[in-house]
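So this first bit is one chain, no partners, the form predicted on its own, shown in structure tokens.
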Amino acid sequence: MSALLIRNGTLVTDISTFAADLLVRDGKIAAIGPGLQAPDAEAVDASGKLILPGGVDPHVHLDLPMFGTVSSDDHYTGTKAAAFGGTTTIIDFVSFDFPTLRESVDKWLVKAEKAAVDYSAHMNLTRFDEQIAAEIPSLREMGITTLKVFTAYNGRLRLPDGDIFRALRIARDTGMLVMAHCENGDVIEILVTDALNTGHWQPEWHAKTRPVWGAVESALRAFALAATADAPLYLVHMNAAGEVDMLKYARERGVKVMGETCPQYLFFTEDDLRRPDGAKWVCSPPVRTKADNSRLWEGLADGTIQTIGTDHCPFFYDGTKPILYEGKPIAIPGKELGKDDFTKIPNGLPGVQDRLPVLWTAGVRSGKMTAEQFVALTSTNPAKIFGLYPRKGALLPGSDADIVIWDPNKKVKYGVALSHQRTDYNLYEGWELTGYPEKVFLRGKLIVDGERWLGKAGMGEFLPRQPGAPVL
């Protein structure tokens, strides 16, 4: 593999920003420093540009069956979109759809072979018995070190508290990490029935039947289980002010818990669900209020929340009308399935490409976070928490040369026209952004050059992850 020398750029890491050249050999960062010389290397001039580590999205759902359809991005289209947004590593979820954990992982690995960036997976733990408990440690041999549990989706995904507690103890003893989706499944079931029985079918009732207090109490309950088990726990897709308060409360008392939020919970509210096209904003857990948006931003700024993922799980808004993707028409049933019943709207939003460009403008340029915090939240912290650091999430000698040359002054009018997410809408349509990826390298290979796609299906590598990762 030829060498690459990126010259005259400004490197941004999770802790500092400094001017330096960066040399890449054999897919790895070989050296960092001023005035590097490498006559054999291809030179790229990054004057006036920033050099960032490739983004790590710890939470995506690709090719996920739901409500009689499937999320519209598969492991190729979704990872291609990720790359255009500056993300070079994604972590998907393995559904526990087969008799054993290993069989479920093996089936997922076949689907993921087409990925265009590097990838790993969490294991959904949606059933539990003694045989499953005995099999959990074998996931580490497969390179999977995380278990996701649910306190909602009764009869489908939810585990009783006792089984979550048992899973936490296994994770403690094996160096694994439990991730929790926290809502009150019992309350949701009752409120959904009440809503439908009284003729409330509109998208806003998706949020009304998933009350914020259910998320808050479920989060504290999960933290209590983790504290009692003396095990680490990671709260996914935080959407409520009260969850930030509970996370802060637990962390101040020495509980080994961490949190993640997503862009949709920083920008959108239940008012968006009331729009004529409100189904576009239906996701679980739901978007909340402006006060929740503000508290989440505070949690990011003060370090209470450790990561920003996306929960990328896109569906067509109108799957009866095809779009062109790579020159070919495609239509996949989507949110129109719930046009008369909010419970039939597939839950999920596009976001894997949007994350970095939107957060740079709304976070860094607005002063809500520093450039170093941006890198920490979207790249370095996820890599550390999920056992990928310093291979990923770092600009260090020996790290994979996953590099984004970022133009902090590039202005774009964002939306579907720039998005490579395989769906027919974008949540940020018409947003004026300043700061955008110019070039993206995966292990030293240029895969995005402006609007040119140089990557290909199957060039991503599966990333086995290390147990015993730190609690940040």
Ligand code: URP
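All residue numbers are counted from 1 along the displayed sequence. Because the structure is a prediction, the values reported are computed rather than measured.
Below, we turn to the form predicted together with the named molecule, even though it does not appear here.
- In the predicted complex, the named molecule stays beyond 4.5 Å of every heavy atom belonging to Lys49.
- Remark: Tyr249 does not count among the residues lining the named molecule in the predicted complex, judged by a heavy atom distance of 4.5 Å or less.
- Within this chain, Gly299 is remote from the site of the named molecule in the predicted complex, having no heavy atom within 4.5 Å.
- Mapping the unseen interface onto this chain, Ala43 falls outside it, with no heavy atom inside 4.5 Å of the named molecule in the predicted complex.
- Annotation: in the predicted complex, residues Arg172, Lys256 and Ile385 none come within 4.5 Å of the named molecule through any heavy atom.
- Residues within 4.5 angstroms of the named molecule in the predicted complex, judged by any non-hydrogen atom, belong to 53-61 and to none of the other stretches in 25-33, 407-415, 53-61, 433-441.
- Taking Ser104, Thr126, Thr289, Ser284 one by one, only a single residue has any non-hydrogen atom within 4.5 Å of the named molecule in the predicted complex, and it is Ser284.
- With the partner removed from view, the residue among Pro357, Gly348, Pro203, Gly363 that has a non-hydrogen atom within 4.5 Å of the named molecule in the predicted complex turns out to be Gly348.
- Taking a 4.5 Å heavy atom cutoff to the named molecule in the predicted complex, the contacting residues in 293-319 are Asp311, Cys313.
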